[in-house]
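Next comes just one chain, in C-alpha cells: the form predicted alone.
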Amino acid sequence: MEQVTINLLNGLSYGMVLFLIASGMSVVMGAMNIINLAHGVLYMVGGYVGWTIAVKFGAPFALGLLTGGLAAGFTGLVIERGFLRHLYKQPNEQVLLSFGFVYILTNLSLWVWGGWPRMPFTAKVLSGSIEILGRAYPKARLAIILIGVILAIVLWWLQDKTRVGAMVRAGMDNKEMTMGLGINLERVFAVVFFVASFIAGLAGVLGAQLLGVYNALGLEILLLALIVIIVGGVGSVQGALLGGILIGVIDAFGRALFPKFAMFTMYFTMIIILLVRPSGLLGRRA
C-alpha cells in the first residue's frame, strides 16, 4: 500500500509540473490560434533565472520563483508582440518562427549560464522529508502538488468566472464577431500570452526541484507539454490538468512496474487517446 501511495504522489507532483507548462500553451493555442513551440524554452529560462536568484545570489526561493516567472513572462511577451501577432492564421510560419526562438534562447542560455546542468534546488523550509506510511517523502514534491492545485483553481476561476475569461472564450469561438462588439482582443491576447509565459517560468522553477535545469530542457519539456495537450485537449485548463495528472501518474507507475518500457507508457497513452477521442479528453470537437 505504501508503494502505491508513494508512486501516486510522485505521479501527482510530476503531473502538476506538466500541467503548469501545458496549461498556458493549451490556452494560447485554443484562444489565439498560435502554435508557440518556444513555450518549452520559456520554462527553461524561468528555471535558469530562478536558480540564479535563489542559489547563486542566495535570495529566498519565493523571490527566485517570482523572478523566474517574470523573466519568462516578459520574454514571451516580446516574442508575441514583436513577431507572433503578425502571423495570425499562418500556422506554418508560427511553427518555424517559434521553433527558431528555441535555438536562439537555448544558445543565449548556453552563453550566459554555460553548458553544465544545474542540480535540483529548493527552499530551505522545503528541504528534507516527512514520513508517509512509514516511508520518507520529500517535502518539495508535496509543495509542488499543493501549489499546482492552488494555481489550477486560480486558472479555472480566471477562465470560467471572470470577464477576461469570457472575452477569451468568445475570441476562441468567433474572433471577428468578438472584435465587432468592441472588445480589444489584441490587448486581451497580449495579457493571456504574458500570463501563459509567466506560468511557464513558474513551472520552470518548481520543476527544477525535481529535474534541475539544463540546456536541452526546453525541447524535452516541449514534447511532454504537447503530449499533455493532446491527451487533455486544446484550449482548456481542466483538460491540461487532467492530461498532466494522467500522464504523470502513468509515467510514475510505469517506471515502478515496467522500468524497461517506462519511456513508452506516455506515448502509448497518447496513441490510445488519439484513436478514441482525437480532440482530447476535454477538448472541443472541431
Partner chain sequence: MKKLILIVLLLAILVPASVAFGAPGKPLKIGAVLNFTGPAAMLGPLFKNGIVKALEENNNQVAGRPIELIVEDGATDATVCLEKARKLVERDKAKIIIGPLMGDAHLAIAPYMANKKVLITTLYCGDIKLGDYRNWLTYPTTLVGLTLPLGWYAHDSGYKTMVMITSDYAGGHGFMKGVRMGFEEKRGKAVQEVFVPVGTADFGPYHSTLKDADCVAFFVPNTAESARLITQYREFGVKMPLLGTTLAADLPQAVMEELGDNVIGVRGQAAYIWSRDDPVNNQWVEAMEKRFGRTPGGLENNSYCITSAILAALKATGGDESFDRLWRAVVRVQLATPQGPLSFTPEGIAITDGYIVEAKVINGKYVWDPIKVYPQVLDPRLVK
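Residue numbers count along the first chain shown, from 1. What you see is a predicted model; the values in this text were computed from it and never measured.
Unshown form predicted together with the partner chain; subsequent notes refer to it.
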Just checking whether Arg135 would be counted as a contact of the partner chain in the predicted complex - the rule being heavy atoms within 4.5 angstroms. yes
Answer with yes or no whether Gly82 is in contact with the partner chain in the predicted complex, where contact means some heavy atom within 4.5 Å. no
4.5 Å heavy atom contact, Met263 and the partner chain in the predicted complex: yes
Flag Ser129 as yes or no: does it have a non-hydrogen atom within 4.5 angstroms of any non-hydrogen atom of the partner chain in the predicted complex? yes
Please tell me whether the candidate spot formed by Asn10, Leu211 and Ala252 is one where all three residues come within 4.5 Å of the partner chain in the predicted complex (heavy atoms). yes
Just one of 115 to 123, 198 to 206, 177 to 185, 153 to 161 has heavy atoms within 4.5 Å of the partner chain in the predicted complex; which? 115 to 123
Which residue, Leu70, Ala256, Met29, Ala59, is the contact with the partner chain in the predicted complex, using a 4.5 Å heavy atom cutoff? Ala256
Which of these residues, Val78, Leu146, Leu110, Val191, gets a heavy atom within 4.5 Å of the partner chain in the predicted complex? Leu110
Within 1 to 32, the residues having any heavy atom within 4.5 Å of the partner chain in the predicted complex are Gln3, Ile6, Asn7, Asn10, Tyr14
